[in-house]
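First, one chain by itself in structure tokens, the form predicted alone.
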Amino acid sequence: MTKVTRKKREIQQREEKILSVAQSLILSEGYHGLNMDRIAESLEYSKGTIYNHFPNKEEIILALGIRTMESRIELFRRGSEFPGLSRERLQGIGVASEIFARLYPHHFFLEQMIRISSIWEKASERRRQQFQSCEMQCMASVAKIVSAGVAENNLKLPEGFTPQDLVYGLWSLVSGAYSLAASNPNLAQLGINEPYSRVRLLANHLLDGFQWRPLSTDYDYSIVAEKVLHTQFLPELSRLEQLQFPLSR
């Protein structure tokens, strides 16, 4: 194990403080509210200290996105390690996705911001590659389970359809739904009272359409989700209960 020097620890701690203040500014005031002078003033650092860590505010935005993406990678890893058939393991990633959406709702706001070309292009190539690597790791973990479903002969993809195509469909469904849940306070007025449980239901219907066995009509995946929650994510379950954000059952 590589030993982290005191100097490196101090640098990491300073960077975390900068990111925490920056996140508060972005969430309360948006992109234009993020200001290097205000970060420096809040932390009682010199402006030069802030620039030593981040050359511009676009770099900070990507760093915030990477920070939460790394948390998502870890959640996906643990969810995918749930013992069982491929579709049960995919349910594990589904639970991980919901946990992530509830604990880090601000990430979806950041993601939309990051994809604005004027922000993306001003960030460094290193930061952009880090973000893309995190995204690819998440998608690869799902694609691996889809491929396992094919290998088990529990899933037969249509001709010309790849595991990545199915991953893209799931990604679009889940990411879009969670972005709406995090940003739209009017969902209940539209008749959507439990957006998170709806996501899981819709994903199961999608997988049933691909005839990924066991089908949800023959198998109670809510029981699988409960097992996943209590075997893979007990620390997060405790945090969610403290926040009064119970997971969908």
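The first residue of the shown sequence is 1; numbering continues from there. Every value quoted in this text rests on a predicted model; they were computed, and no experiment measured them.
The same protein also has a form predicted in complex with another copy of the chain, omitted here; what follows describes it.
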| property | result |
| --- | --- |
| Partner-proximal stretch of 44-52, 31-39, 218-226, 66-74 relative to another copy of the chain in the predicted bound form, 4.5 angstroms, heavy atom | 31-39 |
| Interface membership of N56, another copy of the chain in the predicted bound form, 4.5 Å heavy atom rule | no |
| Contact test in the predicted bound form: G169 vs another copy of the chain, heavy atoms, 4.5 Å | yes |
| Any non-hydrogen atom of M136 within 4.5 angstroms of another copy of the chain in the predicted bound form | yes |
| Any non-hydrogen atom of I93 within 4.5 angstroms of another copy of the chain in the predicted bound form | no |
| Heavy atom within 4.5 Å of another copy of the chain in the predicted bound form - qualifying residues of 181-199 | A181, S183, N184, N186, L187, L190, G191, I192, P195, R198, V199 |
